[in-house]
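Okay, so here's just one chain, in C-alpha cells, the form predicted alone.
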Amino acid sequence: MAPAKKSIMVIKRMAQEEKRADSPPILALRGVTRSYSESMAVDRLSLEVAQGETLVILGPSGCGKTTVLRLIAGLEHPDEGTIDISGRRVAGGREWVPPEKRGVGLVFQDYALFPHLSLSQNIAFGLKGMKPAQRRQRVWEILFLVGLEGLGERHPHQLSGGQQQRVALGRALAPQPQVLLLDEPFSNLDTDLRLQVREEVRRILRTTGTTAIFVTHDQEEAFSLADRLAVLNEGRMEQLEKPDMVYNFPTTRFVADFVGHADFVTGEVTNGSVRTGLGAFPYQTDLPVGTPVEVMVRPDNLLLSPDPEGNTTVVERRFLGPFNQYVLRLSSGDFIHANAPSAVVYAEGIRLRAELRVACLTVFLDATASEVA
C-alpha cells in the first residue's frame, strides 16, 4: 500500500497542473436551446466555465437546471446552439460526441452505486485501460481523498448515506474527468449530514482543482459552494455572477425576489434622490422626477431602534433562534421584514425607527430592469 504522503502529493500536483488562470474556458455553451413539445426547457443559454471553477446553477423547480446538465453530459441533444468541452465541439450542428467520450463525470441524486460491488470495485468501474497496479493505486488514492480508506471491501448497503455520497463522488472523480456534474447530490441526506457532506465535497473539489457544475434549489448550499452563481428562470439565464453580487445586486426583479428574502418598498424619483417610506436616499438617474420605483430591502440590511416618532410599527415578532424577525408596517403602508438579535425584543404595536444600512440601492423600474446607485 502506498504511503499517505505520496497520495496527497499526487492529488495536489494534479490540481496545480490542471488549474491555469490564463487557460481558455473548459466548458462553453453558446445559444443552447432545448424544448419538449410546446415547453421550452432551456432557452438560448450561453455560459462559460473556467478551469477549476465551481459553477452552481440555482433556480426553482422546472426552470431547466437538470436539463442543462443532461445537455452537457450528452444525455440530451440541443435543438440549437453549441457545446464545447476543452475546446472540442461535443454538440451542435453536425457534431455529436457520445457521453462516454466527453470526459464528463456525473454524480446523481440517488448515487447510482452498484449494490453487488464493493467500494473499491465501484470506484474502479470507470478506470478502463489501466494496468492492474495503476488501477489499485488510483482506487486507493480516491478512497483516501474521500475519507474512506480501509473500507474498500465494504458494500454500499453497509455504509451511511453520507458515505455512499462520498463513494459516488469518488467514482466520478476517479477517471479524472474534465468536468464534474452534480445534480442535487445532497437531497437525500438529513440536515446535519447534508451540511457535513457539503463541506467535505467542497474540500475535495478545492483539493483536486476539479471543474464542477452543481445544480441545486437550496440557496445556502449554492452560496457556500459557488465560485459563480447562475440563476435560471424558465430556461433563461437571469444572472451569472459571484454569489455575493447576485445576493446584494440582483439585476432583475425575479432574482431579487428568488434569491434570499426581499421586500420591495415603493418610492419615487426626486432631484438627485429616491424618496420612500424608509426615507430619501441619494440616487443619480436620468429618469424623470416623479417616476414610480421600487427599492429592494433585505431583512438583514435594516437597523431598528425604539422611537415614538419612528417610521414603522411592529406588527409581528417571529423567534427564529439566533435572531428575531419582525414584520413592520411603514407609514407609507408598505410591509417589510427586519432581523434583530434574539435578545432584542420589541412588543407588537410599538413604534420603531427603521434605517436602511446599505451603501448601494437596488431600484426596480419594472419586473425585469434594475438600477444600482
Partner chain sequence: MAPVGRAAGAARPPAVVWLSAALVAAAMVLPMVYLVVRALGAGAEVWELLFRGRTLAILARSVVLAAVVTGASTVIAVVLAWLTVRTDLPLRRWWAVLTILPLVIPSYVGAFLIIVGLGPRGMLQQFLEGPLGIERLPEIYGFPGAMLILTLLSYPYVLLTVRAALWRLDPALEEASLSLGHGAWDTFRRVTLPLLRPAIAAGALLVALYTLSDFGAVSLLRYETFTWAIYLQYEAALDRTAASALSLVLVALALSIVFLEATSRGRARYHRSTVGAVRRPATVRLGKWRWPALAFCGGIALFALAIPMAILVYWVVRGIAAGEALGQVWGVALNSAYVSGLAALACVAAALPVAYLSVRHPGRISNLLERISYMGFALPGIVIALALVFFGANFVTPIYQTVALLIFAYMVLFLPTALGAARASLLQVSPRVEEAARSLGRTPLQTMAAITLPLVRQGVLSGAALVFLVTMKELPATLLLSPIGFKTLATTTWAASSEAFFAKAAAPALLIIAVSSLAVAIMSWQERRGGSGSG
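Note that the structure is a prediction, hence the values are computed from the model and not measured. Numbering follows the first chain given and starts at 1. Rigid core here is just the name for the largest C-alpha set that superposes within 1.5 Å across the two forms.
Missing here is the form predicted together with its partner chain; even so, the following discussion is about that form.
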Report summary line: If we test each of H337, R44, R70, R317 for a heavy atom within 4.5 Å of its partner chain in the predicted bound form, the one that passes is R70
Report task. Taking 4.5 Å between heavy atoms as the contact cutoff, choose which of F223, F108, F249, F144 touches its partner chain in the predicted bound form. Result -> F108
Requested in this report: Can you work out whether its partner chain is within 4.5 angstroms of a heavy atom in all three of M245, G272 and D286 in the predicted bound form?
Outcome: no
Query raised in the report: Can you check whether P98 is within 4.5 Å of its partner chain in the predicted bound form, heavy atom basis?
Result: yes
Query raised in the report: At the 4.5 Å heavy atom threshold, is S35 in contact with its partner chain in the predicted bound form?
Result: yes
**Report entry** Partner proximity in the predicted bound form: L113 to its partner chain, non-hydrogen atom cutoff 4.5 Å
**Finding:** yes
Query raised in the report: If you check in the predicted bound form, is L75 within 4.5 Å of its partner chain, heavy atoms only?
Result: yes
Query raised in the report: If contact means any heavy atom within 4.5 Å, which of 237-245, 188-196, 75-83, 136-144 contacts its partner chain in the predicted bound form?
Result: 75-83
Report summary line: Of the residues spanning 175-195, the ones with some heavy atom within 4.5 Å of its partner chain in the predicted bound form are P175
**Report entry** After fitting the core, H155 CA displacement of 2 Å or more between this form and the one not shown
**Finding:** yes
